[in-house]
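First, one chain by itself in structure tokens, the form predicted alone.
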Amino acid sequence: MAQNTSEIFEAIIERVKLLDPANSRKWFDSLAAKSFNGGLLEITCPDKESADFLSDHCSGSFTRAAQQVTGHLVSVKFSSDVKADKGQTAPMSGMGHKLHPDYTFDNFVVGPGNRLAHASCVAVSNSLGRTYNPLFIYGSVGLGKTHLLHAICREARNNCANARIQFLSCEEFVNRFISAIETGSLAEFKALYRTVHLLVIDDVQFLREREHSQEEFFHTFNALYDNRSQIVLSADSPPGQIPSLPERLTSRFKCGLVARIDSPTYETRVAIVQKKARLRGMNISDEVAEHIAGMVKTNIRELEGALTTVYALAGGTEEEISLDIAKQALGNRESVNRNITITDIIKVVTAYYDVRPADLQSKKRSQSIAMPRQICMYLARNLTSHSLEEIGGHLGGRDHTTVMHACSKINDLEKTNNKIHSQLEELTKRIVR
């Protein structure tokens, strides 16, 4: 590449880190400009997972950065030069989830609250169907369940190139089942999910009160178990405490290993902050990591949020971030996360947007009402441990799919719309103080 293009690309990467601190990663430095012609910047990524991550989460920030640096309209495309990543075979293409580049066993911090879950996941990934089958992992929001599920799939794929793997949320399983009924393709659906070597289902608690889906999952489970295929499930509570789940499913979920994940201890939180900082290329001292860990005590998701706030205030500098910057970013409160309730969030959001709580709970769909309602859902999902159903219940009895859609929409807007990004930052500050 021409020297000029290389210099421009380096400037774009630095600008991206400033525009999108939440998604900035150390491995951005390994990206390369493949070509820059006709207003199209093609970026080469180290592997398919990183290319997918950038396409899904960072297209907006890279596009804005490229346009700001060059002063021209620029579009961005991400790709991997690796024709077939290690173990990447056709059977993997059907997965509902794309594997996240951060979610590996190496990047998972082991502590007293998750040691059993971590060890069982490693064991399962190394011997599909022969150890802890099924494996059922449960715990509150933001404690690392999904991280472990991604890590299992990645390790299993690396250990067995021809492994047929399906990894999807329970909601996706149900929706695909319904679609198969509607399109008359139930035979194909059964052939897909009952013949894999590894089936991983996230948030299996969504099977409750879905009788037809429960029946299909029951038979899918039995077929896989009889074939000695590996089944891994996650939920927010143990099998026996999932409401409206029939006994025959509960008993099957409990016939393998049930592993609980608890909130991380102070020492584990310090290690998590340090690990997350290294992934983002942040240079922080032990005292900064200890300060963040001392203030954020609920879950890993909030630790990441606090780290993002510190990173954003520091301006993406490669110099060591001082304790003063961390204190300025997070404030000097005794704790960043007091016991926040959905009522707290509704109160702040309605005051900010000058709408009534009754409006958010109504069926009104005007933009002036719908947007604050969706922002309430997004903030409740990120700042509390309430389930999707509970959040929807506080906002007019809406179902969990509506909440999922709202969270996805606001998450996308937060990354691409500076106005929404600023509003969310301000609302979060008002809620947690």
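Just so you know, these numbers come straight off a predicted model, no measurement behind them. All residue numbers are counted from 1 along the displayed sequence. Take the two forms, superpose them, and find the largest set of C-alpha atoms that agree within 1.5 Å; that set is the rigid core.
Here the subject shifts to the form predicted together with a small molecule, a form of this protein not shown in this document.
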Quick one: does residue 140 come within 4.5 Å of the small molecule in the predicted complex, counting heavy atoms only?
yes
Using the partner position in the predicted complex, report whether residue 300 sits within 4.5 Å of the small molecule, counting heavy atoms only.
yes
Would you check, heavy atoms only and a 4.5 Å threshold, whether residue 147 touches the small molecule in the predicted complex?
yes
Residue 114: heavy atom within 4.5 Å of the small molecule in the predicted complex?
yes
Selected contact from 304, 216, 155, 290, since only one has a non-hydrogen atom within 4.5 angstroms of the small molecule in the predicted complex
304
If you check 177, 253, 78, 108 against the small molecule in the predicted complex, which one has a heavy atom within 4.5 Å?
108
Tell me the stretch among 161-169, 272-280, 355-363, 125-133 that has any heavy atom within 4.5 angstroms of the small molecule in the predicted complex.
272-280
For a quick test of reading the superposition: does residue 15 move by 2 Å or more at the CA between this form and the one not shown, rigid core aligned?
no
Between residue 404 and residue 297, do the C-alpha atoms lie closer or farther in the predicted complex than in the shown form, with a difference of 3 angstroms or more?
closer
Pairwise C-alpha change, residue 412 versus residue 20, in the predicted complex against this form - closer or farther, 3 angstroms or more
farther
